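Quick heads-up: it's one chain on its own, the form predicted alone, in structure tokens.
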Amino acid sequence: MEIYHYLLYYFENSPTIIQIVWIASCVLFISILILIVYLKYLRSGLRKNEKTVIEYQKEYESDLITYLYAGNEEAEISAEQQAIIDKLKSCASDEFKRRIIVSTLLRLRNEISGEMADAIQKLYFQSGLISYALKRLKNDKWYVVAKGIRELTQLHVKEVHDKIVTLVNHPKKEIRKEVLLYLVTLFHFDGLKFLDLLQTQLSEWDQIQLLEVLQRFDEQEIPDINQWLKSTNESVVAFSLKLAKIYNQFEVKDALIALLSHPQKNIRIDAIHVLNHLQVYEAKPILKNNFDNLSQEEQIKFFKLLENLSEISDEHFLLAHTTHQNFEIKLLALKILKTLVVEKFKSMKDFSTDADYVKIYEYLAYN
């Protein structure tokens, strides 16, 4: 008691700053104690929740395996299978249990194939889980909609195609991304028909992801991409140019040549690149005749095309550009000439006194 009075007397007679420090220290100490207790409570709750999840996972995994092997030849659904369906229907009404059921279904779906994978998908419908995923598609929260589409993609639910495709122009890019992955993952090249409907921009990252998915399917016939190369959506045109190159779509050469006059420079540059890859000789006179009106990037791309498609008839054009102001064009012109008409190249040592020309010539002459 005396200690208490002493401390109180000490506190009351201390300067104000010391009193404030003591009060702050006490508040901080009490706060730390409360936080420690709360963290222990959270940790205990998480451990308990983790144990519950593991128990449910084991239970549902056992039910699913039983369902897969409990079929009989007399009935499409055996009594044992129906009991499991009824149980899952009942459990699915609880969001916590439903998440565990779906994650267990997904894990099994990824580990098996063939008829058993089809049986898992069938159970997804029979247990009513599909209805919860469809409700997510109408949710006001974008991340809930995105999760719903991802779930349908992972479980290969093709039956909801018409509902999903209506979201292709959704304002949220995260939802659009899930829609595109759903369509291409499940319908492969046929899924690209969304390009007819797309009004929003297809980002470079989206294009890369779609191409990565498509390249998993080797024996697929790519649809006609002519209409997409003529699209008013520039990102659709850019993506179609990638398709034309990767899948060697020589039959769309006329549409590619038409893109040489596209209003967007990046599209024109990519079109020249694809025409070069496909070795479309018809593009050469068009670009040659319009060379002075091309941007410098287009001119360089054209010379790279000439590097692959040059002919003797190009000699005069190449000679005219060996003194071009751009170093790369100058280099390419001399390099092509050396390959095309080596004797002519040898006689060109003193063709120009330009320092860059001399360096380029000497480098090519000895390499």
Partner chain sequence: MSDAKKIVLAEDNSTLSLLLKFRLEKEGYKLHIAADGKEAIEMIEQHNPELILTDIMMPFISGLEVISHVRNKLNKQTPIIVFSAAGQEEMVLKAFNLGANDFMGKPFSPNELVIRVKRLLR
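Residue numbers count along the first chain shown, from 1. In this text, the rigid core denotes the largest set of C-alpha atoms whose superposition between the two forms falls within 1.5 Å. In this text, all values refer to a predicted model and were calculated from it rather than measured experimentally.
Beyond the structure shown, there is the form predicted in complex with the partner chain, which is absent from this document and is the topic of what follows.
Q: Within 4.5 Å, heavy atoms only: does Tyr69 come near the partner chain in the predicted complex?
A: So Tyr69 counts as contacting the partner chain.
Q: At the 4.5 Å heavy atom threshold, is Asn293 in contact with the partner chain in the predicted complex?
A: No, Asn293 sits far enough from the partner chain in the predicted complex that none of its heavy atoms falls within 4.5 Å.
Q: Can you tell me if Arg107 lies within 4.5 angstroms of the partner chain in the predicted complex, counting non-hydrogen atoms only?
A: Answer yes; at least one heavy atom of Arg107 falls within 4.5 Å of the partner chain in the predicted complex.
Q: May I ask you to state whether Thr52 is within 4.5 Å of the partner chain in the predicted complex, using heavy atom distances?
A: Flag for Thr52 set to no.
Q: Within 4.5 Å of the partner chain in the predicted complex, do Gln57, Leu64 and Glu115 each have at least one heavy atom?
A: The answer is yes; Gln57, Leu64 and Glu115 each reach the partner chain.
Q: Select, from the options 253-261, 107-115, 124-132, 162-170, the stretch whose residues sit within 4.5 angstroms of the partner chain in the predicted complex by heavy atom distance.
A: Answer to the contact question: 107-115.
Q: Core superposed first: is there a CA shift of 2 Å or greater at Arg109 between the shown form and the other one?
A: Where the cores coincide, Arg109 still shows a C-alpha shift between the shown form and the other one that is 2 Å or more.
Q: On a rigid core superposition, would Ile65 pass a 2 Å threshold for CA movement between the shown form and the other one?
A: Where the cores coincide, Ile65 still shows a C-alpha shift between the shown form and the other one that is 2 Å or more.
Q: Fitting the rigid core first, would the Cα of Glu315 be found 2 Å or more away between the shown form and the other one?
A: No, the C-alpha position differs by under 2 Å between the shown form and the other one.
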